[in-house]
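Form predicted alone, single chain, as structure tokens, below.
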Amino acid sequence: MENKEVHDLIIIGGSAAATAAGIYAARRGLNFKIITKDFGGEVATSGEIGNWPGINKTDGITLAGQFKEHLRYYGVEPEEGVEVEKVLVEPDGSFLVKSNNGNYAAKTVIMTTGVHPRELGVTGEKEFRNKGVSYCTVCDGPLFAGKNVATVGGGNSALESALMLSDIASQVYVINKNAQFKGDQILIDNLNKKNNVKITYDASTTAIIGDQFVTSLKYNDSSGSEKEIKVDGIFVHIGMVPNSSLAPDETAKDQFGQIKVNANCETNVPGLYAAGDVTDTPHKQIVIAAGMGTCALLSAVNYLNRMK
């Protein structure tokens, strides 16, 4: 399938930044599309949300649903199931977005592609993914009620994972490769109060063992001795990797692979913008992503106006 029409804008992604950009694009009357593998992104996998302005308390699935309804109010229906392979810069400065759904031609592109979980890279991890190995405690934690589980990681996401699991599972092991946690002190304090949580520091995960499903986790302790704990589930929270590989090869990135943007959400490639967690902007928050999506769209409009 080839999408021959040249759009003013293609928005790649389906979360807060894409929604904000889409709302403003619709209100400006642009000829545009939102294309995404699945709608919701990291928002949909978030648990309780209490910092979205105007809503005292909600959750990720609900908020993602509200994002989609807001787009529909303006007649925008994101194209889901679209996996972008690469964005190419054409000789005339326009863009060709290559995907499993054909090619999209556009004068401007906004990348709001977010991040994906960093893997441990140990034996058994890929084999037992979705068979006891999970990267989303909010999504899969409830499946392990009354069972023994482990959370691997030492930041806020790992702390939040362990706290949630402590209310669901029978026993929670926390495997932290560092000598201390790097997250918020209030989360650390709350986790230390849990009677069914055992924390191991200076521990390096070495293997995930199982049959049809996970049965245990191996790690080296601070002395270098290998230990094995019997668990039914393993939740990996060791950071995120930006989904930036599909950006044009000319795109500048930092040492972590994040797309570099300025205050206007402009990349070094004219007509290419980026917003949200895929960028080098600090403080990965839903409200910041939404603001960046708006900024990127308004910058794209200015670029289109100059083209005319």
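These figures come from a predicted structure and were not determined experimentally. Numbers follow the displayed sequence, beginning with 1.
Same protein, other form: the form predicted together with a further copy of the same chain, not shown, and the subject of what follows.
J.: So which of N31, S245, N268, Q66 reaches within 4.5 angstroms of a further copy of the same chain in the model of the complex, heavy atom to heavy atom?
T.: Of the candidates N31, S245, N268, Q66, Q66 is the one lying within 4.5 Å of a further copy of the same chain in the model of the complex.
J.: Within 4.5 Å of a further copy of the same chain in the model of the complex, counting heavy atoms only, one of 118-126, 88-96, 204-212, 181-189 shows up; tell me which.
T.: Of the stretches listed, the one contacting the partner is 181-189.
J.: Tell me whether E160, G291 and N305, taken together, all sit within 4.5 Å of a further copy of the same chain in the model of the complex, counting heavy atoms only.
T.: Result yes, every residue of the spot touches a further copy of the same chain.
J.: Can you tell me if V241 lies within 4.5 angstroms of a further copy of the same chain in the model of the complex, counting non-hydrogen atoms only?
T.: Judged by the heavy-atom cut-off of 4.5 Å, V241 is well away from a further copy of the same chain in the model of the complex.
J.: So, A252 and a further copy of the same chain: in the model of the complex, are they within 4.5 Å at any heavy atom pair?
T.: A252: no contact with a further copy of the same chain in the model of the complex.
J.: If you check in the model of the complex, is V197 within 4.5 Å of a further copy of the same chain, heavy atoms only?
T.: No.
J.: Is I55 close enough to touch a further copy of the same chain in the model of the complex, meaning at least one heavy atom pair within 4.5 Å?
T.: Heavy-atom contact with a further copy of the same chain at 4.5 Å: present for I55.
J.: Which residues within 222-252 place at least one heavy atom within 4.5 Å of a further copy of the same chain in the model of the complex?
T.: Nothing in the stretch sits within 4.5 Å of the partner.
J.: Given that the distance between the C-alpha atoms of V278 and V138 changes by 3 Å or more in the model of the complex, do they end up closer or farther than here?
T.: Note: Cα gap between V278 and V138 shrinks in the model of the complex.
J.: Looking in the model of the complex, are the Cα atoms of S134 and N100 closer together or farther apart than here, the change being 3 Å or more?
T.: Compared with the shown chain, S134-N100 is farther in the model of the complex.
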